[in-house]
Each structure stands twice: as C-alpha cells, then as structure tokens.
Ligand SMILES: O=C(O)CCC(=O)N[C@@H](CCC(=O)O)C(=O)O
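Single chain ahead, written as structure tokens, the form predicted on its own.
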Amino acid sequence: MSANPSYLNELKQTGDFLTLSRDNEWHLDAGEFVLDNGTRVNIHDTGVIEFQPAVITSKDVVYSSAVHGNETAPIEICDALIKQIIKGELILKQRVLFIYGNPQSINIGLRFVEENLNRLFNGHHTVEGVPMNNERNRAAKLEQYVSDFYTRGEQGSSRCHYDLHTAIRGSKNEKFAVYPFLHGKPWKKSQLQFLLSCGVNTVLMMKSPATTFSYYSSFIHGADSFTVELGQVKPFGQNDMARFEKTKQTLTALISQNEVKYPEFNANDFELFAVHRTINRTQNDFSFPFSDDAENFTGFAKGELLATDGDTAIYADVEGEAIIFPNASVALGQRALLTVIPMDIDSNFV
C-alpha cells in the first residue's frame, strides 16, 4: 500500500471518489486516512472504498453500483452517500464497502466494455480456454475485496449486499429485486421489509445458481444479498432523483443507525414471483415477437410466442407467464429472457 497516494488530499476535501475512479478506470493505488469523527477510510482500488466507524459494529454492509456502467441512478445515490461520509455529514454506525463495479463502462456510457461483468462472478471469471480481459480480472478482484471485507468483520456480525441497478426496459413494477437462490434456506421476511422501505415491493425468487454479484455474496459468504432494480436506465443528469428518495433514506439508515425498525410484515404489501424458466440464446438468429418497449412483467397467454431461437419457436406454457430482462443481443449461450409466475408467501418465509 502506498502510504500517501497523491490523490488523498483532494479526496479528503471533495469526497469525490466517483471522479477519482473514473479517472483511473482499471487501477488505483491503495490508500487510507481517518476522518475527524474517527471513521477509517480505506481505498482498496479504483471504485472500491471502505469505511470503518470508530465504534464496534454489528453489520457488514456492501453497496455496489456500476456493475453496468450506464445504470446511472444507483451510481448517483452512492456518490452522494460517499461524499456525505467523507465530509462528516453522515456519521456511520456500521461498516460499509462501496463498489463502483466498472468505471470504464461508466465513462463510455455502456453496460460493459468487452463482457457483461454480472455474468462473471462466482468463479465464472476464470474459465479454461477463455482468454482473460479487464472485466474478467475485475470480477476476480471484486470477489476478493468482498471476501476480505467480510472476513475482517466482527464475529457474529450480520452480512448484507445490495447490488443496485436500473433495467434496460421500463417495468409494470417500476422497482423490483431479485432474491438469489438460497439452496433450500428460507427467505427472510425482514429482508422483504427492508426492500419495502426502499420502495421495492416486487421480488423475484430465483430457483438456480447464477453468475451475478449478488448470488456470489449470498452463496459464498452467507450474506443477505439482492440485485435491486430501481427503475429504467437513463443518462447522467436525466434521473428524477426524487423517485429514489425512499431508497436513499433506507440505505442511509442501515449504515447510520445501530438498528433499524421496519413496520410489521404484511404479505399483502408484496408482489412475489417465482422464476418459471430461463431462455438462453443459442443461435445467431434470435428474436422476440414483442416490441423493444415491451415492459418487464408483461404477461402472455398460454400458447403465445415468447421467442424464436433459430428454427425453434418458444411459447408460453402457462397462463400469465411474464417476461423479465428480455435482451435478444446477449452473447450466444447467455440468458436472453427470464419468465416468472406469481407466488404466495409460504412456510419457506421466516
């Protein structure tokens, strides 16, 4: 670690870690300093900054954004929080690690540079016969930073990771979250209450392992972890930040309070969906029958065409099967579409 990187003095004054990360797209020398309130600040790399309050904490919190660089609203939320912490305007009660996943993709205004970073976690960054690139190296490093962060937490601390996104398409349910596959462990009502406080009342329950950042933290580190979709992709400066105020307030409360109390759980507050199936693109000739502005959660009647993959036509096989994350341009072999069906609260929720 460089004892005193040249960027530290300016960072202390401005709190502008986002610009610093964007100016150093793939690497930044590590550095550290202590705020007047005793919070220790550790810069691990470009886009990776950790805050350790002077008091013993009970939670180890990860907030990540810019895993896709054109999803700007979460980046702006995290930028504001980081500045408040460094300037002493927000006093922490919990450890928190902020991650801007892909600074170069922020700069070019695209989801990724060479490869979708959110398909490279849980070990998928290193595949025999597949050449490494910047995004694969970045995924490996981000896994290590998260692992180190959780390992250094207090024994018994609760772990959570909220990977903040916005979706390519609009949605009938503007904000929604993806609950990673838990391998038989129960879903937590307390986490649904946290999401509801963020303004998110729609949750998808995954039924298989994934390559996403949130699944990595859940599966490897036992964290309460979610991919949180906060609306539709917009360029910097075009986000109506008032639409994210509940989210920002809840994220702030989690790291600045000893314990946050949420209203009593009420199943009627939520729309829950189970993933019905995943449709991958296997042929160059892949298309959807619906328009590019068809919204997430649009439902289809049984027997209606959902996609065409080469010579194979794929039809809805249950009434009301709804589409999520349709993207016909994904690489061959990757997920082009999720479909979901409604589900109810059952005994697997605790």
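All of these numbers come straight from a predicted model, not from anything done at the bench. Sequential numbering from 1, following the sequence displayed.
Keep in mind that the form predicted in complex with this ligand is missing from the display, and what follows is about it.
With this ligand omitted here, the record of contacts in the predicted complex names 212-220 of 212-220, 276-284, 147-155, 262-270, defined by a heavy atom within 4.5 Å. Highlighted residues E50, R95 and K248: none comes within 4.5 Å of this ligand in the predicted complex, counting any heavy atom. This ligand is not shown here, but in the predicted complex it comes within 4.5 Å of a heavy atom of H165. In the predicted complex, at least one heavy atom of F325 sits within 4.5 Å of this ligand.
Proximity of L192 to this ligand in the predicted complex: non-hydrogen atoms within 4.5 Å are absent; the residue sits far from the partner. Using a 4.5 angstroms threshold between heavy atoms, S105 stays clear of this ligand in the predicted complex. V178 is the sole member of I82, L120, V178, A73 with a non-hydrogen atom lying within 4.5 angstroms of this ligand in the predicted complex.
Shown without its partner, the chain has T227, E229 in segment 227-241 as residues with a non-hydrogen atom within 4.5 angstroms of this ligand in the predicted complex.
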